[in-house]
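For reference, the chain that follows is the form predicted on its own, supplied as C-alpha cells.
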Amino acid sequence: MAFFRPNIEAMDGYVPGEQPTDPNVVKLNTNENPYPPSPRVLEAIAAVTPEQLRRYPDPLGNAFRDAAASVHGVTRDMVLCGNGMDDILNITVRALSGPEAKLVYPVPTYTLYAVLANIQASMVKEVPFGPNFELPTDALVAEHGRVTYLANPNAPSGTTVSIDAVADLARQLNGVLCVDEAYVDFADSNCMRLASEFENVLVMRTLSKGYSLAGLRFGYAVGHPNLIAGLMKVKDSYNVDAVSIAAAAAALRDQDYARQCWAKVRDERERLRAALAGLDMPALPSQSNFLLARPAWRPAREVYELLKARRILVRYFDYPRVSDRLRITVGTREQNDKLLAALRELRG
C-alpha cells in the first residue's frame, strides 16, 4: 500500500555526506571549516539562562537580525533567519514554486535543490552551465521561472560568476533570483549589495562553513523588506532556537576572528591545489573551501574507495560532468598532508 503522495513515492531523498564516528578518520567530505568557532560563540552559549530555555525563543531571531543588519549595512526587516541554509531553501521553495510555478537553476549544482522541488511537486528546469561553468544567462531567462537559484560559489565545482553577471541576470528575470552564497566567505567577492539594489534578489548565507557552526544549524537570507515579509509567512513558528540565536549573533559580530580563519583556508586551498596538480590530479580554480579534482591515473570512484579504506573521506558524485572528479574539503595542513601522502602511495 502506498501511503505517500505520488511525487514522494517517485523521488529519491537527499543523501548527506558520510559522518564517521571514528575520530581518527580524516574527514574531507562535507566542507566543514577545519578551525573552531570564535571563542565568543562558546561564551554566548554559556550565557544562555534556564529562563531562556524554558520559554519559546524570539520567533524572528531579532538579536541575530540586528547583528546581520550591522555587518551587512542593511535594516532588520531585510533579514530572515533559518535553521541552516537548507531551511532558507525550503522556505523559498514552499513560498515561490509549485506545480504551476517553475523553479530554474543551472547544473551541475547543489543536489538538494531538486529534492526540495520534488517534495513540493514544483515545475523544475535544469539548465546546463557553460563548458567552463559560465553562467547560461539567456537560457535561464528564457525559462521564465518564478524563482531561479544560483549557487555562487557553485557546489560542487567551487567556481564563481561575476557580480556584474549576476546583476545582469537579476535585471532580466521576472521572478526572484536566490543567490546561494554558502561558500562566499572563502571567495574574493560577494553579491550582498544586490539584495539592496534589486527587489527580486535574495542573498542566502549560512554559518556552517565560514563560521565553523555546521553543528549549530543557522542560516539567513537578505532581501527587500517585501520579499522577506512574504517569506516570513511560510517559515515555521520558531524555526531558530534560543541557543542558536545567541551563538550565531556572537559569531557574526566577531568578524576579525572569522576573517583570520578564512585567510588560513584560502592559503591552504591554494597549497593543496598546487600539490594535487603535481600528482596529476588537477583541480578547478576554486573560490570555496573545497576543490573539485580529477585523478588522471585512475577512475575517481576507485580513488574514493581506496582513500576510504585508508580512513580518508572525500566526496564522490556519480553525476554528469563530475563523475570523473572528487570533491575534497580543504582541511588543516596536517589533514591535507595525510591526504597527499595517501595519494602519492596510490599513484605509485
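Numbering starts at 1 and follows the sequence shown. Quick caveat, the model's predicted, so the values are computed rather than measured.
Heads up, the form predicted together with a further copy of the same chain isn't pictured, but that's what we're talking about next.
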Under a 4.5 angstroms heavy atom criterion, identify the one residue in Ala275, Ala214, Ala165, Val107 near a further copy of the same chain in the predicted complex.
Ala214
May I ask you to choose, among Thr148, Ser244, Ser157, Asn152, the residue with a heavy atom within 4.5 Å of a further copy of the same chain in the predicted complex?
Ser244
Would Lys27 sit within 4.5 Å of a further copy of the same chain in the predicted complex, counting heavy atoms only?
yes
Decide whether Asn239 counts as a contact residue for a further copy of the same chain in the predicted complex under a heavy atom distance cut-off of 4.5 Å.
yes
Considering non-hydrogen atoms and a 4.5 Å limit, does a further copy of the same chain approach Glu100 in the predicted complex?
yes
Evaluate Asp86 for contact with a further copy of the same chain in the predicted complex, applying a 4.5 angstroms cut-off between non-hydrogen atoms, and reply yes or no.
yes
One stretch from 227-235, 262-270, 67-75, 157-165 that, in the predicted complex, holds residues within 4.5 Å of a further copy of the same chain by heavy atom
227-235
Sequence-ordered list of residues in 26-63 near a further copy of the same chain in the predicted complex, where near means a heavy atom within 4.5 Å:
Lys27, Thr30, Glu32, Asn33, Pro34, Tyr35, Pro36, Pro37, Val41, Leu42, Ile45, Val48, Pro50, Gln52, Leu53, Arg54, Arg55, Tyr56, Pro57, Pro59
